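Next comes just one chain, in structure tokens: the form predicted alone.
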């Protein structure tokens, strides 16, 4: 008997257009509780627009998006978001930046202090609580952003190309840390990236989007043991499979 799966995010026949520009064309898929889903697609195809719809920041033109069985509503604050661009408040130290999301929820009781301390420990920033964003590295700033998003105990975590500005070595380190965090918390994560290797390393599932208007080219379960070896034959096969799908959408001008 198969174990019952809990669908956290359901995308049903979703399309999105801005005036005459069709961005997303009738896509459907489900994200199961605890899954780490990575989305890749050609640059500018509309991946960020899609993620904003899941967050409730944009409405679909047609179709239905459900998070925990309901249309997403930013006011409910059950969705954590880590943005591509820098989002920390420079006048707040690390501790205060992590507290920010809890303040928006009017959660200022003593429990919030213990939550912040737990998040600081989770992302390995003990001892840096009183530092400001300009006093720490880019990788550490990303950890703060992740801690802030997780501090509000969201139902799902959305990440929009969060590591695109990091150097290769820092990115490799934070990949391992994010995998560890996912293993500990079992959070449902939808992660948008243009980096195929990143998607195969992090994801339980990789969705390959087409060029605009977005359709789903393929849904690829990544069946690799952890920790994943980027030099293994199977890893390279997955990577080349995704790259091959993306290359099919390249248009020669």
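A quick note: this is a predicted structure, and the numbers were derived from the prediction, not measured. Positions refer to the first chain, counted from 1.
Keep in mind that the form predicted together with adenosine-5'-diphosphate (ADP) is missing from the display, and what follows is about it.
Practice task
Work out which of the listed stretches, 18-26, 226-234, 5-13, 239-247, brings a heavy atom within 4.5 angstroms of adenosine-5'-diphosphate (ADP) in the model of the complex.
Solution key: Selected stretch: 18-26.
Practice task
Verify the contact flag for residue 217: yes if a non-hydrogen atom of it lies within 4.5 Å of a non-hydrogen atom of adenosine-5'-diphosphate (ADP) in the model of the complex, no if not.
Solution key: Output for residue 217 is no: heavy atoms all beyond 4.5 Å of adenosine-5'-diphosphate (ADP).
Practice task
Would you check, heavy atoms only and a 4.5 Å threshold, whether residue 44 touches adenosine-5'-diphosphate (ADP) in the model of the complex?
Solution key: Heavy-atom contact with adenosine-5'-diphosphate (ADP) at 4.5 Å: present for residue 44.
Exercise for the section: Answer yes if any heavy atom of residue 211 is within 4.5 Å of a heavy atom of adenosine-5'-diphosphate (ADP) in the model of the complex; otherwise answer no. Expected result: No, residue 211 stays farther than 4.5 Å from adenosine-5'-diphosphate (ADP) in the model of the complex.
Handout entry: Interface membership of residue 198, adenosine-5'-diphosphate (ADP) in the model of the complex, 4.5 Å heavy atom rule
Key = No.
Practice task
Determine the residues of 51-84 with a heavy atom within 4.5 Å of adenosine-5'-diphosphate (ADP) in the model of the complex and present them in sequence order; the list may be empty.
Solution key: Just 58.
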